[in-house]
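Given next, in structure tokens, is a single chain: the form predicted alone.
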């Protein structure tokens, strides 16, 4: 079984965008983080529905018209690790 990750609905994220950069404020930690466009899309997908890496790659490749390749998988895995470390996402049992 794959790990499913999502944003804790108790702490909805707040967003602001400047070009390709996004600021995301996490009210649970009181911290603001700057993320690139792809990381923002990934995190926003997790706000709507818990997902695993494979599902995120499929959704992102379709919505952003990107190749579904090893580079995208690697990027998403690193992004998920960083989101977990920052407390922006949590494990969801599905």
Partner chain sequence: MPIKLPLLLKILVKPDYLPDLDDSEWDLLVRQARASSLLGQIYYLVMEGGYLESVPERVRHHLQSENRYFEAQKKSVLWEIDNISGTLAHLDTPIILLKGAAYLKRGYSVSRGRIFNDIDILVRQDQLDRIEASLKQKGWLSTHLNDYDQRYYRQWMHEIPPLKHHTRGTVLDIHHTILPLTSSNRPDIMKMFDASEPLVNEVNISVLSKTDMFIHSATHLFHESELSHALRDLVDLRLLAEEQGSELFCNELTNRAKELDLSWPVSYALYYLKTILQYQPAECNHDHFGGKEEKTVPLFLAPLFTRAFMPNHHSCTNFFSPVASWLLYIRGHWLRMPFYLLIPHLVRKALARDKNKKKHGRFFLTNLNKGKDMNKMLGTIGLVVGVAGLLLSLFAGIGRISGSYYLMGFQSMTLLNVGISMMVASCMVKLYSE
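Remember, it's a predicted structure, so these values are computed and weren't measured experimentally. Positions refer to the first chain, counted from 1.
There is another form of the same protein, the form predicted together with its partner chain; it is not shown, and what comes next is about it.
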Sort through 61, 52, 37, 29 and report the residue having a heavy atom within 4.5 Å of its partner chain in the predicted complex.
29
Could you confirm whether residue 8 comes within 4.5 Å of its partner chain in the predicted complex, counting heavy atoms only?
yes
Since the partner is left out here, which residues of 65 to 89 would have a heavy atom within 4.5 Å of its partner chain in the predicted complex?
87
